[in-house]
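Consider the single chain below, provided in structure tokens and representing the form predicted alone.
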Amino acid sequence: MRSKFVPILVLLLVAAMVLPSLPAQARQDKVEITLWHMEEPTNRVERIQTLIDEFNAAHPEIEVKQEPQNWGEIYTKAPAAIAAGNAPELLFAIPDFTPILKDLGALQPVEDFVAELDAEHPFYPATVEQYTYDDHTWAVPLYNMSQNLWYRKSVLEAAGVEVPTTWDEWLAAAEALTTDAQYGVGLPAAKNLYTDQVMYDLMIGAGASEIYNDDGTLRFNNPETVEAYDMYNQLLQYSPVDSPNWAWGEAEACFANRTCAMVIQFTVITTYDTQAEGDAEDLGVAPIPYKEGVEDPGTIAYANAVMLLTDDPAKKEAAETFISWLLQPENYGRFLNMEPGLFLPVTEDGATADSFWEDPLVVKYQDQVQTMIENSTSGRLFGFTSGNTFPSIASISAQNLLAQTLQLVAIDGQSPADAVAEGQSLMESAIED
């Protein structure tokens, strides 16, 4: 009898030793993915974390974690991380940031993956085109953004001002709306991406959206660009004196506290709703005014995307699984609404997803969101116009040379013509380097 039970006891002992170790082994087998993004505001980080938590719970074999970064540092931090061998597997991008990492050999081509996604969630073609060059697609589009002119209807009505559509009307409105307690318009003049973007809005409005000739040489120095810089400088006299230090947040705050009557922003909805009166009926949004006679006005607009920085097969599969999950309509709208009214869909089913349109803030500001989407249809981005893509624009963007040229006018006192000529010289040097 004793010999009959010995094997059973041995098996039980072995099982008792092995079973407790299985969860630990399972954890070791998890594929870990690190996501860097530049959506720093707390509400956006929290929404991304909520989605990550849901994904991780549904995919126990994968663990995604986020590490928020900022646009002011990422142009140097990401290449440094790649050089040090500690880059994330996923990194958010804008079109003119991607070529920098692509030239470092850090990016994985994603055209096959994008094609798979497109079959299930058709992308708006322009969003993919901004990331397609040199025979590959280098990032997966995630969300669109376009800038708009924001104002309070009641403020314009009280001043007897119509919503401006042309530059002459805009300049007159800014002057009429400037009082002892209010600036007519809030515009940035710092050397940063925000000023690049607003400056390009005015270049589009002047008919100077093309920075490059078709052969890749620069055509920044032209009469239309000079007119855009001159107009910007004229508007700055009705903007707060500290605007040379502004980033996006200062403009939103200026509008929310009623110090600025008009601002150019991607959106002010969240700030207006939480830090101002939140009266949806009074919040106005319109296309960026343009020079009278320009036939194709518009606004800066571009798709943000995510780049894949790992060639490890397991990590690539895990990263793609996460992106695919994120673009599912039931998840995608909640992702876009990490900042309601700011991030616009890049997929057809995303544009009709209940998860997007049923967000309480989107419901409240539905008219404004629909106007933003309409404005985005006339959007374009410097270096990615007329069907051309010039990756060297990354060198210009990384140094914020559109904004630097504005500072030559607004701070150093150069004439717009001299500043634009110097701006082209700076751009040529940046590209050559």
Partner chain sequence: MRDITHDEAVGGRRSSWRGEWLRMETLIGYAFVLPLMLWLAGTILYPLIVSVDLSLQNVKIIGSVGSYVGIENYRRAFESPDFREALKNSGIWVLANALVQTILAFAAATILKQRFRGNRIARVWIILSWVVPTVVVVIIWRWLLSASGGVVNYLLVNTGIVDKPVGFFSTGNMAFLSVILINSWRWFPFNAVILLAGLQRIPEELYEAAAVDGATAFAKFRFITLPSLQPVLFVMGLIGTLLSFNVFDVIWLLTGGGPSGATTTLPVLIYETAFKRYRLSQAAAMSVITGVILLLFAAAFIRFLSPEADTEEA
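From a predicted model like this one, the values you see are computed outputs, not experimental measurements. Positions refer to the first chain, counted from 1.
The next section is about a form of this same protein that is not shown, the form predicted in complex with its partner chain.
Undergrad: What I'd like checked is whether 100, 250 and 395 together line its partner chain in the model of the complex, meaning each has a non-hydrogen atom within 4.5 Å of it.
TA: Affirmative, all three are within 4.5 Å.
Undergrad: Can you pick the stretch from 327-335, 256-264, 356-364, 123-131 whose heavy atoms fall within 4.5 Å of its partner chain in the model of the complex?
TA: Selected range: 256-264.
Undergrad: State the residue from 223, 72, 278, 109 whose non-hydrogen atoms include one within 4.5 Å of its partner chain in the model of the complex.
TA: Only one listed residue qualifies here, and that residue is 72.
Undergrad: Name the single residue among 135, 242, 157, 296 that comes within 4.5 Å of its partner chain in the model of the complex, judging by heavy atoms.
TA: The residue from 135, 242, 157, 296 that makes the contact is 242.
Undergrad: Taking the shortest heavy atom distance, is residue 411 within 4.5 Å of its partner chain in the model of the complex?
TA: So residue 411 counts as contacting its partner chain.
Undergrad: Are any of the heavy atoms in residue 286 no more than 4.5 Å from a heavy atom of its partner chain in the model of the complex?
TA: No - in the model of the complex, heavy atoms of residue 286 and its partner chain never come within 4.5 Å of each other.
Undergrad: Can you check whether residue 43 is within 4.5 Å of its partner chain in the model of the complex, heavy atom basis?
TA: So residue 43 does not count as contacting its partner chain.
Undergrad: Taking heavy atoms and a 4.5 Å cut-off, does residue 183 contact its partner chain in the model of the complex?
TA: It does: once its partner chain is placed as it appears in the model of the complex, residue 183 has a heavy atom within 4.5 Å of it.
Undergrad: Let me know which residues along 70-86 have a heavy atom within 4.5 Å of its partner chain in the model of the complex, or say none if there are none.
TA: Residues within 4.5 Å: 72, 75, 76, 79, 80, 83.
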